[in-house]
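One chain follows as structure tokens, the form predicted alone.
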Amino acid sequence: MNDKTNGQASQASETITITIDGKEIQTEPGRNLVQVANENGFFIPSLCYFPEIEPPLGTCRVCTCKIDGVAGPACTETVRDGMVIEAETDELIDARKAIVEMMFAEGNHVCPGCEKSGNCDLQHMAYELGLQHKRFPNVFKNRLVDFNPKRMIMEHNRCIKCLRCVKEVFTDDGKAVFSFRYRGNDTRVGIDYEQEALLTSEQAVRAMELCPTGAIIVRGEHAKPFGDRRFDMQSMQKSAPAADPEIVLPKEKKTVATVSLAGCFGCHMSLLDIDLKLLDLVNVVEFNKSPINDIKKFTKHCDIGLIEGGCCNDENVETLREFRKHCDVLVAFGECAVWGGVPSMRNTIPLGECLEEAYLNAMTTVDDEFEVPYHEDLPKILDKVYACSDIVDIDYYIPGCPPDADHIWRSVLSLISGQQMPVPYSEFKYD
């Protein structure tokens, strides 16, 4: 065995010690920090990191840790002896949440209408971080949707510019298919139509799977049913699921009000899907103004108000403000109430164009009735669909389209009892 081989064998057998959040870990030098941490029970999320890409990209910054006292991306670090890492402090977790929230706010990520839902890394990271809502307003940019490629659709509203496709997708003869174009805030991923046409079907699907969002969609590749998708059932975090606490219900009934605004009423249907638990609910809850009991007006002050749907007209705004005034605790449940949901897809288009398309240019328009309806008794349409939190203060959020019935049950039970009920990963979804 020559000296070079001896040196490689010595390095392979060497063991070093690093410290993550106070815990000493033995590992081999030169390994990626994200992999070492995750193997040892420390969850470091990442969106741009991909084991096959070397050197790592370090573009998304979701994996930021404090490494020897300096904040930086963990995915670009290889472990060395004596390294001290802070990975799961409150400050770092909040910073990661803020980054993911900004990605959702900056793009138009409508999970219920996305082909990548359930297989989306961005959505998955939000689940792992427990994001119920964003602290930043949605931008609602109307970016290009490119239908020109032979096999793919490029949905630039969903692209987070991670660089994965640019660095990893090539034709058989080594030609790049994707590239960054323009600069600054105008940067977007461009696609070479000629080279994209040379990809095999398998290579095109791999490019779609490589993308951490739904920015690259292959024609004919449809969304899979719930339960068959990558991120439906199992969390990446190794901690055991929290056990349900012993709930002590109040002796007096709580008064609950509900309403549906700019939504489809699906969240109320999901509420009714708690099935036999409704019998338990009526023992501890009295419904006031609600479509469930058809009470049209508040007859008393309520403990809890559940709001489904966002605000698309002045009547929605008035109703929401009335609920805020009459309820001690106000809960936005469902994606429409939380941030606007599917109805907010019109927010990228001027209101005038929406009305013209609906009433003047639509195939269903009746002959000789080319007129946008207007009457003083009709609610006035707002310039866009607003989240409930844009209008009034919201105390709690229950995401989902609609939220899982058990998720709603646990949330309502938590509010009634004042005890936190854990929501399993499989029930915490946006679609």
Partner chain sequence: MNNKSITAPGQSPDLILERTDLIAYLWNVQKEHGHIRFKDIEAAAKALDISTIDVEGVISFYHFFSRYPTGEFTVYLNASIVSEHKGFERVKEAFESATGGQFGSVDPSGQFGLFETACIGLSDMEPAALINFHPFTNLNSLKVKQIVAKLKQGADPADICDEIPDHVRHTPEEDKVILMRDYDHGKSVAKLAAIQPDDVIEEIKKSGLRGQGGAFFPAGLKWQFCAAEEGEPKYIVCNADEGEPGTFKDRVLLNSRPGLLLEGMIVAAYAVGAKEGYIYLRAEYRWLLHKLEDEIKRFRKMGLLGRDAGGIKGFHFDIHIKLGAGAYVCGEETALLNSMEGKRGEPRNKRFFPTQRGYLQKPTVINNVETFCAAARIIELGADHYLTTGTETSPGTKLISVSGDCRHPGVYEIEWGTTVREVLDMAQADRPHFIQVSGPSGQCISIEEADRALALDDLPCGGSFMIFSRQRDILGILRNYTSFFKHESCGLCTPCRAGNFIIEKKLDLFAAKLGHRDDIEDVKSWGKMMQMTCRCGLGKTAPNALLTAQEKFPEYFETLVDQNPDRLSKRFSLKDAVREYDRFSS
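Residue numbers count along the first chain shown, from 1. Model, not experiment: these values are computed from the prediction. For the two forms, the rigid core is made up of the largest set of C-alpha atoms that agree within 1.5 Å on superposition.
From this point on, the text means the form predicted together with its partner chain, which you will not see here.
- Annotated contacts: 152, 168 and 431 are all free of its partner chain in the model of the complex [non-hydrogen atom within 4.5 angstroms].
- Stretch 89-97 is the contacting one of 213-221, 89-97, 110-118, 294-302, since its residues have non-hydrogen atoms within 4.5 Å of its partner chain in the model of the complex.
- Residue 244 falls outside the set of residues with a heavy atom inside 4.5 Å of its partner chain in the model of the complex.
- The shortest heavy atom separation between residue 142 and its partner chain in the model of the complex exceeds 4.5 Å.
- Although the partner is absent here, residue 404 lies well away from its partner chain in the model of the complex, with no heavy atom inside 4.5 Å.
- Although the partner is absent here, residue 183 sits close enough that one of its heavy atoms falls within 4.5 Å of its partner chain in the model of the complex.
- Among 128, 106, 232, 146, the residue placing a heavy atom within 4.5 Å of its partner chain in the model of the complex is 106.
- Between its partner chain and the residues 274, 176, 205, 284, the one pair within 4.5 Å by heavy atoms in the model of the complex involves 176.
- In the model of the complex, the residues of 373-404 lying within 4.5 Å of its partner chain by at least one heavy atom are, in order, 373, 374, 379, 380, 381, 382, 383, 386, 390, 391, 392, 393, 395.
- With the core superposed, residue 102 shows a C-alpha displacement below 2 Å between this form and the one not shown.
- Core-superposed comparison between this form and the one not shown: the Cα of residue 278 travels less than 2 Å.
- The rigid-core alignment places the CA of residue 198 2 Å or more apart between this form and the one not shown.
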